[in-house]
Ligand SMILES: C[S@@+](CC[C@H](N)C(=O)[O-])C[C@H]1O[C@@H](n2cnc3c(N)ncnc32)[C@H](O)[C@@H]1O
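Form predicted on its own, single chain, as structure tokens, below.
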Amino acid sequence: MSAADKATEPTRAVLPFECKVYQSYIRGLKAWWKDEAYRAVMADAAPLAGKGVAALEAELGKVPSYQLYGWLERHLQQFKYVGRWGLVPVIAAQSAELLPILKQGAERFPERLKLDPNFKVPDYVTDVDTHQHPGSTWSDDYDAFVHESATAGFSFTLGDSEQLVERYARPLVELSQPRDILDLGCATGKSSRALKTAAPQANVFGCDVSAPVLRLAHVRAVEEGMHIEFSQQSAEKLNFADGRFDLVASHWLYHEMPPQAIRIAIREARRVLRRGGVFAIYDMCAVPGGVVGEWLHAGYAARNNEPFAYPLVNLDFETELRAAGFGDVKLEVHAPPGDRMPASRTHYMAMVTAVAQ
């Protein structure tokens, strides 16, 4: 086979027609869930807004609108991953074609991909099938392609994931004017590539605990002609020197970590930042909507196998960041302010930024 033929070979998982139809059907049900089912639940919850989270769950757990809402929230995610034409069985069946993509990719610019064969993935990762993805992103190499296909498809809000990550990266680059950037929990490197696009002259490094997604992140960066260095590390223990970076950022990482691990990671981020450098967290760090918003968030965390998403909103980031040596702490919730709930169910994402003192 010629080099030209190899260059045109697909490097992504192929979703057959049946899978695309199946996933489209799930997407349609998800749209109904986040609009119609959600609004019915909000109407039933409104008279109980003065009660606590546990009381809301106990009383509305008997109400058909919430029973249907909760069933759809959990099972549509299951169908997406492990149903008859779910992403896991469809992509697992392509392992023989997909794994050579990672192997051949690692042979190009191998100095940009550093994996640790002795690395122990944290228990809080391996003990949970996060997002209801069996084995999550760390257990099998094909899981990297599952993750990529899942995040390229419909998200929680059915939004455009590429636009979302671009809107995350640009303001951070404008704020920090970085020469050196570290992307924590980079997964398949979508956020790393967005940061490199926003700051093409900067040195960009991505790290994650999962080897499969790092292999695929490397492949995608090389395909796009981007010099990004990826390494297998935990945000809790980085092997970079003190004061190495101007910007340390994470996109959807901390809701997958227990509070104590987050506290350690915050101190580690301060260690590798230069004085005046920016630390940024984009995650579900705050929930608007008062008790009702907190109740729905707690249910989401339980139903989507994300046990640390609920504790995250109760973490006092300003106190934690200041104790770790940061100042100028800001938290901006990308959702309606105060106790107002949006018309459609959405993630309540927040951007937390702080400056290394």
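All residue numbers refer to positions in the sequence shown, first residue = 1. Remember, it's a predicted structure, so these values are computed and weren't measured experimentally.
We do not show the form predicted in complex with this ligand, though everything after this point is about it.
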Just checking whether residue 80 would be counted as a contact of this ligand in the predicted bound form - the rule being heavy atoms within 4.5 angstroms.
no
Applying a 4.5 Å heavy atom distance criterion, does residue 187 contact this ligand in the predicted bound form?
yes
At 4.5 Å between heavy atoms, is residue 215 in contact with this ligand in the predicted bound form?
no
Any non-hydrogen atom of residue 149 within 4.5 angstroms of this ligand in the predicted bound form:
no
Heavy atoms, 4.5 Å, this ligand in the predicted bound form: which of 110-118, 169-177, 95-103, 234-242 makes the cut? Say which one.
234-242
State yes only if every one of 286, 318 and 353 has a non-hydrogen atom within 4.5 Å of this ligand in the predicted bound form; otherwise state no.
no
Checked 271, 75, 263, 131 for heavy atoms within 4.5 Å of this ligand in the predicted bound form; positive is 131
Of 209, 202, 219, 88, which one comes within 4.5 Å of this ligand in the predicted bound form, counting heavy atoms only?
209
Taking heavy atoms and a 4.5 Å limit, what residues of 246-281 are near this ligand in the predicted bound form?
251, 252, 253, 255, 256, 257
